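Below you will find one chain, with nothing else, as structure tokens; this is the form predicted alone, and questions on how it binds or moves follow later.
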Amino acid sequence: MMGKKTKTVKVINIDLEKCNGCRACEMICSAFHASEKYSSNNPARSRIRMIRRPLEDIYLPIYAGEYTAAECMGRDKYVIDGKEYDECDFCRASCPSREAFKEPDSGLPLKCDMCEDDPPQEEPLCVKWCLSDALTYEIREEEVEDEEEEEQKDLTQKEMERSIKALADRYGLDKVANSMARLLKKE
């Protein structure tokens, strides 16, 4: 018999009706993640990206999720409230077929860390700085099986190893090692 545990889940909810495409979320995220915090502003380093097509009135903030070494097969289009979106618009993954969510200098994938810091932030800065309230932060508890949580830890470790191997194959082990050393030096 498996026991149940609770797991904390942190989510940034996005209200497309409220987003006006101001890109404040990108700016504060890139400043927070600069090599010296708040020392520079480069939206390419942001863990949240704004899909902006003003002529079509499309403003879609998406925050970075897991890295995937494989390119997906989907190229579907979706129509929501009369606006047409590409399937990639909703994807949170860093993948070989696009440049979104990759660190511009090294090409390493970026993932949203919910601005975890010491001392901890009350909420991610993109949410805090969103003047239109299009982004909201939610923390909830979910029940999971003990075994399921252990499987997830093993899967995460395997994903990380697979991701590092894919990056080393693509960019070279030296470049990946140098990027890791630079990241560890920040901490």
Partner chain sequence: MRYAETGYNLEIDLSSGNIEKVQTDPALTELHLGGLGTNARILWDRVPPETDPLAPENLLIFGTGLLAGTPAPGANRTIVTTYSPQTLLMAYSMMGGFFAPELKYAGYDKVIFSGRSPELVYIWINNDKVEIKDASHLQGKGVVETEELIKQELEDQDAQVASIGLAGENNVYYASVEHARSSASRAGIGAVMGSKNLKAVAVRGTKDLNIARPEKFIELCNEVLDYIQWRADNPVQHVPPILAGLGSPQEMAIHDEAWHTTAFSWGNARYRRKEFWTEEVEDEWFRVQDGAVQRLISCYNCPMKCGAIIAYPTLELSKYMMKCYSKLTYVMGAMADNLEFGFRIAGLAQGYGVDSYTAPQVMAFAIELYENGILTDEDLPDFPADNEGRFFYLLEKIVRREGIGDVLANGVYWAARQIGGGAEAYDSNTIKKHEQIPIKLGMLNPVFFLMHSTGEKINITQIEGQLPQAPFPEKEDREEFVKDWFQAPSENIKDFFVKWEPRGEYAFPYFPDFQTACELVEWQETMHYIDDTTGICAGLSSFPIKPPYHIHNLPTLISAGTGLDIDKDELWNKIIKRNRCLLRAINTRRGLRRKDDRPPEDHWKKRFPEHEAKLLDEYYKFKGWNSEGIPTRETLRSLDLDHVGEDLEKRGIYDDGQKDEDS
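These numbers come from a predicted model, not from an experiment. Numbering follows the first chain given and starts at 1.
Omitted here: the form predicted in complex with the partner chain. The next part is about that form.
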(request) Please run the contact check for K111 against the partner chain in the predicted complex: heavy atoms, 4.5 angstroms, yes or no? (result) no
(request) Tell me, yes or no, whether Y137 is in contact with the partner chain in the predicted complex, where a contact means a heavy atom of each within 4.5 Å. (result) no
(request) Although the partner chain is absent from this view, report whether R53 comes within 4.5 Å of it in the predicted complex, heavy atoms only. (result) yes
(request) Answer yes if any heavy atom of M160 is within 4.5 Å of a heavy atom of the partner chain in the predicted complex; otherwise answer no. (result) no
(request) Select from the listed residues E122, E142, E36, D118 the one whose heavy atoms reach within 4.5 Å of the partner chain in the predicted complex. (result) E36
(request) Let me know the one among R170, K175, R23, K10 whose heavy atoms come within 4.5 Å of the partner chain in the predicted complex, would you? (result) R23
(request) Output the sequence-ordered list of residues from 87 to 121 with at least one heavy atom within 4.5 Å of the partner chain in the predicted complex. (result) P104
